[in-house]
Structure formats: C-alpha cells, structure tokens
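Here you get one chain, nothing else, as structure tokens; it is the form predicted alone.
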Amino acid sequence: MSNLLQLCVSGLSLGTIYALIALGFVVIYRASTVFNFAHGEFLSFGAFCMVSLCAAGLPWGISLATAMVLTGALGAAVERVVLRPMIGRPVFVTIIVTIFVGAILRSAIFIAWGPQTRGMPTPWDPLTTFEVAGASLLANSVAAVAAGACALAAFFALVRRTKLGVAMRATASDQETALALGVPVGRVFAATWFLAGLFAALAGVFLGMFPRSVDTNLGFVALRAFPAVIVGGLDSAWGTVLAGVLLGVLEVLCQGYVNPHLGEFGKNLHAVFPYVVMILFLIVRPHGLFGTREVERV
C-alpha cells in the first residue's frame, strides 16, 4: 500500500508537469490555431535561466519568478516576430515554422549553456522526504504538485474572472468577430504565448529537480506531454489538465507494476504508454475527452 501511495504521488508530480506543458500547447492553439512545436525549447530555456540566476546568487523564489517572466517574454517575442506574419497561412506552414524556431532555440541554448548536465537548485535539501502512511514522499514531488495546482488554479481564475480572460475566450471562439467587436486580438496572441512561456518555465524548473537534471535534451519531455493534448481535447483546457495528470499517474504506475513483469520488452514501456493511449483515443474518440466534435454539412 505504501509503495502504491509513493508511486501515485510521483505520478501526480509528473502528471502536473505534463498538465502545465500541455496547457501551454492548448492556450496557443485555441487563440491562434498554431501548434507550437518549439514549446519544449521554452521549457529548457526556463530551466537553464533558473540554474544561472540561482548561481548568480539570487534567492530561489526571485530566480523562479524571473525565469518564468523571461521565458514568457521569449514566447511573446517569438509570436510577434515570427508567427504573427504567418497569420492566414495554412496550418502546416506554421507547424514547420515552429519546428524551425525550436531548432534555432535548441542550438542557442547549447551555445549559451553548453552540453553539461546541471542540477536544479532547490530551497530545501533535494533528498528531503515526508513519511505518510509508511511511504517516503520526496519533497520535490510534493512541491511540484502544489506549485502546479496553484498555477493551474490561477490560470482558470484569470480566464473566468478578468478582462484578459474574456478576450482570450472571445478570440478562441471567433477571431474575426472578436476583432470586429474591438478585442485587441494581437495583444491576446502575445498574452497567450506569454502565459505558455510561464507554464513551460515552471514545468522545466520542477522537472529538472532531483532525481532528474537539466540538460539540452530536457525539452523533449514536451513531446511526451503532447498525448495529453489529444486525449483531453485540442480545444479543452480542463480536459488537457485532467488528461495530463491521468497520463502522468498511469505512466508511473506502468513503470512500477508492468515493466518489471515484461523483461527486456518492458524496459521502457512506460515511456511509450502515453502514446498508446493517444492512438487508442484517435481511433475511438478522436476529439478527446472534452474536445468539441466537429460537424460538417455537405
């Protein structure tokens, strides 16, 4: 029982990180119908900024806030300089552009920080654990769940209770109508990319904590979170968050209970398990758990 609790908390930690990453994909897609395949590089950028800021002597909390703002600013800059001129172009064009942007950012991160693996600083001992019902829970995992829950709650409060949130929902519903009604669609685009950058940086920081580390391959975790977007529904923020948490828990449980019984075949089965779930959803329910079913009249 204690082992199950320990795995569930680890899964919740991973799932919360997946939810933050997947939510970044969704807020951008809902506002501008762009799949941002450079999102993983935002995650890496935020994590490396955090490492450098802490190394420069800034307090951990200030370093985290600064890294998140810098990553958000990077996202807004990419939208303004690279993506906004692509408005009206076919979807595959913007996809290729974001892949190209991701390659440039990955190279820039490699040049700026090098190939060395770095540990993510924490304000507590990274080996600190809590004993709950006989299970040893890492403080890093508990902190990741708490921070992710606060960030997600703040996002949904912003969407429901602020003018920016109303503008974001209006733009997601119909860009042309929103523009005609006076909604500053360009600013909404910038705001959504900024928010996506904030979420990516927060996810990158907690993903890089012990027992993991920060390196130039950290951004590829964003691709492991992408199935949550499909499972939850491309246009459903709530669905994406729920799917991210569920996939994280299922992945860790698969690693703990299924992999050991499959020998060499099960060595990395947990890593592909989210994609297996995604493929099943694409076959059975392609619009996801809470996505909008598209109906075309012919």
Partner chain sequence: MLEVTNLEVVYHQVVLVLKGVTLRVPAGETVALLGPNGAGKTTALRAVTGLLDIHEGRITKGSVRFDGREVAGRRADAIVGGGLAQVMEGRRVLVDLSVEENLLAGAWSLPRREAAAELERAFERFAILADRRRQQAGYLSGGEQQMLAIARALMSRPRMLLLDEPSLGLAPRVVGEVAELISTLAAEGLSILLVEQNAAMALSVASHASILENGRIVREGPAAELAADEDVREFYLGLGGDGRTDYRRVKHYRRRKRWLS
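Numbering follows the first chain given and starts at 1. Remember, it's a predicted structure, so these values are computed and weren't measured experimentally.
If you look for the form predicted in complex with the partner chain, you will not find it shown, but the lines that follow are about it.
Remark: of stretches 96-104, 167-175, 219-227, 113-121, the one touching the partner chain in the predicted bound form is 167-175 (heavy atom within 4.5 Å).
A residue is said to contact a partner when one of its heavy atoms sits within 4.5 Å of a partner heavy atom; residue 184 meets this definition for the partner chain in the predicted bound form. At a distance threshold of 4.5 angstroms between non-hydrogen atoms, residue 179 is in contact with the partner chain in the predicted bound form.
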